[in-house]
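Quick heads-up: it's one chain on its own, the form predicted alone, in structure tokens.
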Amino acid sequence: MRKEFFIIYTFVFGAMLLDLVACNKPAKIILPLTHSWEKAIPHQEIPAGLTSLSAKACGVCHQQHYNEWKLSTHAHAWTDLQFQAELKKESSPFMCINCHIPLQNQQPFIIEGLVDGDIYQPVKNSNPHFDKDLQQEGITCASCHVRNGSIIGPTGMTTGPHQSIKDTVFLSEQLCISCHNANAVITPTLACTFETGDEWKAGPYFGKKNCISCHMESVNREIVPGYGKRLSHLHFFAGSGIPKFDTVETKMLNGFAFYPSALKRSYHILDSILFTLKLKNEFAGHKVPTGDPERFFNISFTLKNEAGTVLSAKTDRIGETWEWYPEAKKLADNNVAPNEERTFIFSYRAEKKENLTLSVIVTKHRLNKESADYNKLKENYPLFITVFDKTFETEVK
């Protein structure tokens, strides 16, 4: 009996001690979400006249808009292989999805707050309205055109299959900047640095042109077949031109104008063969490159003789340089501002009589090969496109 009593006493005392410790432990505090980029767009009901929020459903009538959107990077914002690789990392916080699938309808969980304000301890509840198919559409029609049970458009419409509310302020560049100007240090080793909006505001086109002026070109066409032509905007959202998959076409809007010099028809031995390529940011209202800090341009010069032997080669780079560990910080930035010019020089001293070919290539890169390998991205994920490619011939007499 004494042994049994001792065991029971020990168990009860231990339980009381645990309760006492628990009582003295500070309670966890649930802090609300405060930053805009921490929050998804609240749940949206399907507006009257529609059967779904999906782009595919919109495309039944708005056929041209839908076909254009399918070629945009917006359509692949969620399925982008690099983004999915980043999401799998332990350092990836919950809010990163809010620009890639901005509607709460697209997200499996509703985030109610943060335990003790810790971004890695979100208070998550299952979303009863989660739409898996809508999630796959990334930045879809409803991301911009549906709020509070209504369809928002540039002109408003009271007839047809559905009504729409005119709100050009809501559908202005401010909607674009809500994602394309996400700039915050999340943790010492995690920074979100998309500053396109700030670059535009600091540039010469602020107040004159905006995101829509360049990236959604105006066109006079039928919005819906049979309803007559009127002013509309293209929905390719043309940008970098680097497709998300090698099977997907996309549209490029290049900021640079290229001004190559020329080689003389012939040079003499010991002459200096000099060539320049001037790049000017003539067409962008922001810096080039912009957005993701991993983007960059390479300007490559390669001089070969008629046997194909490389005699001289040089590569220059435009882009930011970052150190991500132990602390995220920008080390260098030579992005080109609006209307800024940058000249790159190639020179070679002629050594013997021969025919020469100079190849000048400019490539636009999403990220470098090392980062792609680290994220286990395969050949079906294009890393760059070529935006300038010319050869120049001469001879040494």
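The numbering used is simple: start at 1 and walk along the sequence shown. Treat the numbers as computed from the prediction; the structure is a model and nothing was measured.
Unshown form predicted together with heme C (HEC); subsequent notes refer to it.
### Query
Should P260 be classed as touching heme C (HEC) in the predicted complex when contacts are defined as heavy atoms within 4.5 Å?
Looking in the predicted complex, residue contacts with heme C (HEC) do not include P260, since no heavy atom lies within 4.5 Å.
### Query
Does the 4.5 Å heavy atom contact test between G319 and heme C (HEC) in the predicted complex come out positive?
No, G319 stays farther than 4.5 Å from heme C (HEC) in the predicted complex.
### Y205: touches heme C (HEC) in the predicted complex, heavy atom cutoff 4.5 angstroms
Heavy-atom contact with heme C (HEC) at 4.5 Å: present for Y205.
### Message
Within 4.5 Å, heavy atoms only: does F275 come near heme C (HEC) in the predicted complex?
### Response
Taking the distances in the predicted complex, the answer for F275 is no, it never comes within 4.5 Å of heme C (HEC).
### Message
Only one of L279, M95, L114, I299 gets a heavy atom within 4.5 Å of heme C (HEC) in the predicted complex. Which one?
### Response
Looking at the other structure, the residue within range turns out to be M95.
### Message
Please identify, from 84-92, 300-308, 321-329, 121-129, the stretch that has a heavy atom within 4.5 Å of heme C (HEC) in the predicted complex.
### Response
Answer to the contact question: 84-92.
### Query
So which residues in 150-168, when you check heme C (HEC) in the predicted complex, have a heavy atom no farther than 4.5 Å from it?
The stretch 150-168, when checked against heme C (HEC) in the predicted complex, contributes I151, I152, G153, P154, T155, G156, M157, P161, H162, S164 at the 4.5 Å heavy-atom cut-off.
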